[in-house]
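Just one chain is shown here, as structure tokens, and it is the form predicted alone.
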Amino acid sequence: MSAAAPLSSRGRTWFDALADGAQRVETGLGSLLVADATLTGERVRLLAVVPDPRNRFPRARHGELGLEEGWALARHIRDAIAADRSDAKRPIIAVVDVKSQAYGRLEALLGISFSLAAAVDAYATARMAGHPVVALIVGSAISGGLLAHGDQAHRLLALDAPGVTVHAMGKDSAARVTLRSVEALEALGKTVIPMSYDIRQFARLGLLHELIAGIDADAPSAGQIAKVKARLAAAIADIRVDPGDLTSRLNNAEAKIHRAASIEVRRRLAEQWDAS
């Protein structure tokens, strides 16, 4: 592979599958794909962060969400908000396959925290402005990468496939922090759900709207792409009926079982806040 060739990734695969030939919006970055596509007859804005071997920031060449990616996400989400201010609010779909935020001294010095916060704020603003926002997790959804690209969605959907992972850290980093081997960490994840890298275990926390089974995440067939499109359309329709807010992730049956302590902490904090 030449240095200039685009790197394959699930993010790119699923962006192309969902875009279905729609013309891309120019982003100025090889690492951010944006298009206004049609999903079941409706215009939607698709956004995906993908690997780019030519990225001028080396820490963001393998699908990490870096400085430029955060600012660019914010810009293209806000462009859609502004364009639809007096029109129908197009749905916004985040295709998520991000290893993490881009760690590095240069990134810290140049304010990656501000960049990622801008992306978070743009997604939240779109959601509160009436745009149905859906995140489709097709690969890795790690740390600040997910927080800045997808976690503010009304609904989180994920493929039920090997390699689809939501976590605060990559396995190697988590093993170092916890002073465990990767194997010991994986064993722990079988009994401690938040430590697990299995997407089915993550779903037990009540954070996912839907886990989509029967999909080849790397090379989906036409029928499988159609199935995912149908589930995205169903999620958008569900949002329009009952958008709610992100507290729905705490109010479902799975969350009440597996996040009972977290819910109780929130209740007590609210009680103390209201009493002060």
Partner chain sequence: MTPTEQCTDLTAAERRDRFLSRRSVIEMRARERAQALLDPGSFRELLGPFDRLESPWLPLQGIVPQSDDGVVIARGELAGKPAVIMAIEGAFQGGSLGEVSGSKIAGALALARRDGEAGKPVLPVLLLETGGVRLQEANLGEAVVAEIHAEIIALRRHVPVIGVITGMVGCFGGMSIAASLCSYLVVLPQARFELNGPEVIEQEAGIDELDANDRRLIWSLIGGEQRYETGFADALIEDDAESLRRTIRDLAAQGVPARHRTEAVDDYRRLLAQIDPTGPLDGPGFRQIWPRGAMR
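C-alpha atoms forming the largest set that superposes within 1.5 Å between two forms make up the rigid core. Given the structure is predicted, the values throughout are model-derived calculations rather than measurements. Positions refer to the first chain, counted from 1.
What comes next is about the form predicted in complex with the partner chain, which does not appear here.
Screening 217-225, 235-243, 44-52, 203-211 for residues having heavy atoms within 4.5 Å of the partner chain in the model of the complex returns a single hit, 203-211. Residue contact check for Ser181: none of its heavy atoms lie within 4.5 Å of the partner chain in the model of the complex. Contact annotation for Arg259: at least one heavy atom lies within 4.5 Å of the partner chain in the model of the complex. With a 4.5 Å cutoff on heavy atoms, Ala108 counts as touching the partner chain in the model of the complex. A residue is said to contact a partner when one of its heavy atoms sits within 4.5 Å of a partner heavy atom; Pro162 fails this definition for the partner chain in the model of the complex, lying far away. In the model of the complex, the partner chain lies within 4.5 angstroms of at least one heavy atom of each of the following residues of 109-138: Leu109, Leu110, Gly111, Ile112, Ser113, Phe114, Leu116, Ala117, Ala118, Val120, Asp121, Ala124, Thr125, Arg127, Met128, in sequence order. After superposition on the rigid core, displacement of the C-alpha of Ser262 between the shown form and the other one amounts to 2 Å or more.
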